[in-house]
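As a starting point, one isolated chain is supplied in structure tokens, in the form predicted on its own.
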Amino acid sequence: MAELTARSAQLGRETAVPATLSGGEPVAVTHLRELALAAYREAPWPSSSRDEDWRRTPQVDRLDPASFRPLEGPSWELGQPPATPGGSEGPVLELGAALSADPARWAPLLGSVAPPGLRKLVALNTVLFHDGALVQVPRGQRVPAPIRLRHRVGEGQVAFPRTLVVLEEGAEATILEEWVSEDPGPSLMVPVTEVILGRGARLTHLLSQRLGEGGVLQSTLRARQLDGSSYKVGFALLGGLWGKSYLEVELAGEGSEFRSAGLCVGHGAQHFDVQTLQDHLARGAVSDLLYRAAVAERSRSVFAGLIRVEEGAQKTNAYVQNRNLLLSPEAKADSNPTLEILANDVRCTHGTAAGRIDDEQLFYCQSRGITREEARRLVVEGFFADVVDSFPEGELRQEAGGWVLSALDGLARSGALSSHPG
């Protein structure tokens, strides 16, 4: 206990002791940490009574990073190493080693998309990350197999995973990034992922959050796309006690394209808060985001999706949609898609809906000998079908389907699929 207290004293709501990279700390990274520490000290702790971002997630008012001890050992691991195209350097490097070996190349990119002053917990990640993953695909190369990154945290621990993804002109890759904990006790994970896509680059990026019952997640994914690039994001939020996830994309290049589909399944007192930004900076870009949430028992889903079109971003085509399925009278879903448009030749729309399972659907299934619980399960599974189908065909789509089925198994065990009327 004395060791825990000593370590926790280095981290609090007002200050933190900067980490250092094991391979050596480049001057540029030290300077970035100094900026981040100043930003962390200056910014107040997020508040549900003061900050619009957090208004529907009051759990943050009680969160104190000092109550967790730092993660020991590496915060991430690489799955099956992907094939190296053309015998070149592998696409995945340890971020600290890459920064130490070639600071002139990589240090200017770190914090360029998610600057340390962006938000309080982004600053904290920048101060405290001690390792991370760098995915780099050179110009014109394609990584044939999915790249698998797994970030972990244990009971009573806090982790600050850092990922930098750089695809140069015409490069192509698929990444599966997982945030996981096998322990049911309290934990905190604060990941930051930055993505930079060069001209004509194509990235499929899948995110899976499966923390233990007491886990808290505050994630940030920010991307910048150049001309003609394509970015597809699929995400599944299926574990933990509560979380706040930011997904923000700058369409900074003409003709760039962003498409995303995500889901969450909530039960018990789980709370999922998702905030997205489709930021159109250039002409002729396309963005499309779909988020589906099914909440049971006393769980809650919160969604805020902003499409912002800057003055010069004519011919923008953008859409954001949020659909919510309420599986009990106590479950709640808040949805707030918005538009902020400064250009006059655009096509931007949004949609939102929340409802319960249709009695006619249940009657149709039960009239064919299917139990009420199984009928409700089939309806929920079908509710997520278009999100799962948006994942790449093959093993990754099968995995996504397996995550959903596992979550539905949990609902069935808790009685959430049978104890309430549709």
Partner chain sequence: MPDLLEIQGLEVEVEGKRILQGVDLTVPTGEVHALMGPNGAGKTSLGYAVMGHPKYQVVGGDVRWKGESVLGTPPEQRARRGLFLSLQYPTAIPGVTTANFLRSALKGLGKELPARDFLKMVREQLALLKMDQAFLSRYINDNFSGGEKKRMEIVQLAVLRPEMAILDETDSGLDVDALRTVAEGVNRVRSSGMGVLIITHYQRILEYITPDRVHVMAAGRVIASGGAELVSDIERTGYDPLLRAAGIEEAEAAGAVSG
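Positions refer to the first chain, counted from 1. No experiment lies behind these values; they were computed from the predicted model shown.
The form predicted in complex with the partner chain exists for this protein as well; it is not shown, and the discussion that follows is about that form.
Open item on the list: With the partner left out here, check for me: in the predicted bound form, does some heavy atom of A385 sit within 4.5 Å of the partner chain?
Closed with: Close contact exists here: in the predicted bound form, A385 approaches the partner chain to within 4.5 Å, heavy atoms only.
Open item on the list: Considering non-hydrogen atoms and a 4.5 Å limit, does the partner chain approach R372 in the predicted bound form?
Closed with: Looking in the predicted bound form, residue contacts with the partner chain include R372, since a heavy atom lies within 4.5 Å.
Open item on the list: Would you classify E381 as touching the partner chain in the predicted bound form, given a 4.5 Å non-hydrogen atom cut-off?
Closed with: Answer yes; at least one heavy atom of E381 falls within 4.5 Å of the partner chain in the predicted bound form.
- [ ] Answer for R368 alone: is it within 4.5 Å of the partner chain in the predicted bound form, judged on heavy atom distances?
- [x] Answer yes; at least one heavy atom of R368 falls within 4.5 Å of the partner chain in the predicted bound form.
TODO: Could you tell me which of 357-365, 392-400, 49-57, 29-37 sits within 4.5 Å of the partner chain in the predicted bound form, going by non-hydrogen atoms?
DONE: One stretch meets the cut-off, namely 357-365.
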